[in-house]
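As a starting point, one isolated chain is supplied in structure tokens, in the form predicted on its own.
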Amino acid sequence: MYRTHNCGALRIEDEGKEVTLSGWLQASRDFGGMTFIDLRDRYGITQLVFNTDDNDKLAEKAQKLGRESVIRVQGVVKERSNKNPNRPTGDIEIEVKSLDILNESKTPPFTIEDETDGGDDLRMKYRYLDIRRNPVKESLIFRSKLAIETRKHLSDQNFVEVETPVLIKSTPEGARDFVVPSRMNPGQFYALPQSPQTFKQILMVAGMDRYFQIVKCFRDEDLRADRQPEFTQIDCEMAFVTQEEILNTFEDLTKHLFKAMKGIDLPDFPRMEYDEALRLYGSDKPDLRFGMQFVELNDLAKGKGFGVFDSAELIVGICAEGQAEAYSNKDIKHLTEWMQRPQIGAKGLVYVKVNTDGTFKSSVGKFYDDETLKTWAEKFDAKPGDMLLILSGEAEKTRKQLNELRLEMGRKMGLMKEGDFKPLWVVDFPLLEWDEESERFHAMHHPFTSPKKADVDRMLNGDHETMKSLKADAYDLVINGSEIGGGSIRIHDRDLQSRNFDLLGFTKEEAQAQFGFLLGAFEYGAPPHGGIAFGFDRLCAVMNGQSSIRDYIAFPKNNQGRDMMIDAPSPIDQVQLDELKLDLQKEKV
């Protein structure tokens, strides 16, 4: 027997028991006559004690062990004289009677501690060591429990889990596909799914009614902290439902998961239209943990001789409460330089400090007197001690820049409180986006999203300009500034779906070649349907106040899309290339 108990199980009530434990040597301390070892497994740490007076050979054997060696010990549970209140097993220790070395370990390349000295690439190369650390181990356990809780809840709501294919057809919409050559069909390729979108719609046509799947998806795109080439979705679809029913169903799921996993009761989720989110926050995924809504100043700031404002399409700002005295000229200079970085691209930053004596200090004071600045402060509802931060320029670009400034000020002012969760639904997205470069429309969500009922006739019969104003029955779930999930009511009518393909630049032949199976299915009684997909990795991270999803994925890729542990991607053997009828030399030429 390797163990009678795990390393997190024993308590003072177990004193006197003879036990067997197995695990990894976390740390060793030699005090001459006594040697102490912290033995670790997935469940916790138990202290072992070796007494030289009782068995000097056993103690000597223990002293020679290196960190991360795998051992088995037998001994008796004793009460500790110097208890450790920070450890669940801190009241006891094991007086060791026998020691078996199951496997010795090389010295690890980084310390297996909560706060490690290993960098990202090093820890990803030795991921099997990194997972031994509590933060990563607990993240993976949390992910597992969240998946189980999700399955239980959806099953209780009559959802059926259905697996959809991983080898599918490549489509030109969306991000780049990962492609897989077919040996049996030379010159032809499968694609790995970016989502099971068309299959879940087919399942609704097939009468499955309520489908879900916790499913791997793949996108060959540039990576960020919250993005990986392979990721997991909670993918769902429902038939005979309205948008309202879908929002209520998945708001209920989200509330259930927060209650079950975190003990948090979320309030009802507010709704915000897409246009309103951009107007007030410059983002379709606003962080509502703090206010600092945008205030527009065109009517009060133009025509005063300040050319930057006079020539701007939009003048807009935020009010940073209580920051007038906190920010010196040097601080504002640094903030301006931060805004001028290429990633944000602002040309400058105007500030107005509302002094406690009723006067104002501003970077544009020579153009605007105190009486004018007072009207600005009133519009911002600013109080003495507050500071206005104002940008100007092209409307869309300026809103995006001010969104970055708002989030930075929220961080600097400590307004993003740990454990504070502010969810909302963003609704009424545009159906289509016009791209000037390619001179064609793109789907804001995907080609299968339905216009709002009131816009169906306009979509079928409208002109080019009408198409730009179409609204979709589309919705995103946002929590703390992160998009957790997105979905829509789908088109279930063949003619309407064909019209959408026309608008997106597909020829009839291309639409039939790419999506003929779906159009054909719509001819056999497709019910009204819609759904949503949650980013499962991102949900895990946001629920735990993290910005990176890596620790919630057992074996993640780095920001170049490489698996550092197994060194993938990698070349393949020439024999395999020949079987696949691929000539890489020819491709290079």
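Since the model is a prediction, treat every value here as computed from it, not as a measurement. The first residue of the sequence shown is number 1, and the count goes up from there.
Below: the form predicted together with a small molecule, not depicted.
Contact annotation: the small molecule lies within 4.5 Å of heavy atoms from the stretch 529-537 in the predicted bound form, the single such stretch among 25-33, 65-73, 548-556, 529-537.
At the 4.5 Å threshold, heavy atoms of T232 stay clear of the small molecule in the predicted bound form, well away from it.
Residue contact check for G487: one or more of its heavy atoms lie within 4.5 Å of the small molecule in the predicted bound form. Using a 4.5 angstroms limit between non-hydrogen atoms, K353 is distant from the small molecule in the predicted bound form. Shown alone here, S195 lies within 4.5 Å of the small molecule in the predicted bound form, counting heavy atoms only.
The listed set R399, K452, R499, R219 contains one residue whose heavy atoms approach the small molecule in the predicted bound form to within 4.5 Å, identified as R219. The partner is absent here, but in the predicted bound form a heavy atom of H445, alone among R123, R133, H445, K255, sits within 4.5 Å of the small molecule.
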